[in-house]
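What follows are structure tokens for two forms of the same protein chain, given separately as structure 1 and structure 2.
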Structure 1
């Protein structure tokens, strides 16, 4: 039991002393962030705080300038998002990064298509029935409802497209799911569905990094809240003992918070 507890407290993904410049502008300063199994870590901050920059560095979109990234306790260096995905880290971007003119099955398996066994697969023939079956199972598991798997995503609602994007990330993510503004521009019902998906992912043991400007949404799903301001981690909040007003104050600097190392 002691060993299991120790493993549970080892971060799946960890950033230590991350710095990033864009010319003369320092976007990140000595940023430390830890992501543990089975939790939702909300990363919040005003526009320009460095949230997307940090995520892009962690997932190989931007090169690591200085500092260390640890994955399962070992130093790693992702030179591309593909390398991060190979390790089981999936990102749901604000613009979803879906192919709107393809259907749900094609989107979920895009770049990871299942081929038929034997010589047919060697010749490039796809196993469409298997991909459809696995898509149906994944959407059912996450309770994502779409009007038809053959429908192009462009014909679906925003919440349904978001559901497909999340389902794709969860299907291939074995370690971490990162969601960048997943409820932006969604209606009330669609937002509720996405927040429910976040909880379901967490309950499978896969941690979620949840980036949002919507403080009520953050307080509904977060287990921890990490606040970035002007490229620095200024504090970490417990949503059970703090309020939305506390979070806004930390983001804007209107109330003094003690800067702490996030571990």
Structure 2
């Protein structure tokens, strides 16, 4: 990329000193995370480590308790996920957040409907053919195939629904894509396609935050791996110089990793 070194070093999205409680449970403690242009940051950690909570705080699903979120270097406050989306930050949430009784096109355009021109549009009449056409064009550009764009998602498999959520995020993102366990329900071929999408997005300069339990997948796409344990960032790993065993050790806090770090 032809970005200047100074610009490339400024994070697109940055979290500083984030804390989050659920009653007595401290889900996040002084978490710092930077997302730089054109990189894939993998966020890994055991179940309950706080990965989804961090994403929810970053994108305005949960209110910020303490700490700062910077977007393009400026402090921001997202009071709803919609505000984050308007800034170009698209998220595939772990609970998917699709409307299963709508079809793929309606889900992709939910909240951003294209209306007919003129008076009909002012009255709220939808331009379904246009939305369908734009979806097809975008998906073709991304080399994604969603079967049955006109079928309600309830009639699709879990993996296909997840595909719609991933396609929606990738289609609209202009600054950051965040994916919380996007491959959890997917088979081998579908997973390969999501990984391919992650690389494609990164290659356009848009960074991807990729959360997964699947260490081989993480090592396939990540430029940088951030490890969260019990709500704290414990370390950062370089996938080129570390192994899956190191990542597992860091996630679980076993000694093997510590000795290696000291060495």
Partner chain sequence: MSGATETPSEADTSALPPRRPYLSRMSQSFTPVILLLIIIVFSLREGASFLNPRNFNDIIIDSSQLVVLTVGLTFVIITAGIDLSVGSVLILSSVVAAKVMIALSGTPQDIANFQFPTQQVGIPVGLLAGVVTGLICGVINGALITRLQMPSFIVTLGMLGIALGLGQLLSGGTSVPNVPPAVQSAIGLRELVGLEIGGQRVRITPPVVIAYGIALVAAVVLNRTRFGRYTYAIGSNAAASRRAGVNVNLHLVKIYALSGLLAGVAGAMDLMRFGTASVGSHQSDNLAAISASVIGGTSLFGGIGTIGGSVVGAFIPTVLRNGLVITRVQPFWQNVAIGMVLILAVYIDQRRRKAEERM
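Fair warning: this is a prediction, and the values are worked out from it, not measured in the lab. Positions refer to the first chain, counted from 1. Rigid core (definition): largest C-alpha set, two forms, superposition within 1.5 Å.
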| query | finding |
| --- | --- |
| Structure, 1 versus 2, that is the form predicted on its own | 1 |
| Cα displacement of residue 72 between the two structures reaching 2 Å, rigid core superposed | no |
| Core-superposed C-alpha of residue 126 shifting 2 Å or more between the two structures | yes |
| Residue 102 C-alpha relocation of at least 2 Å between the two structures, rigid core basis | yes |
| Core-fitted comparison between the two structures - CA shift at residue 117, Å | 2.3 |
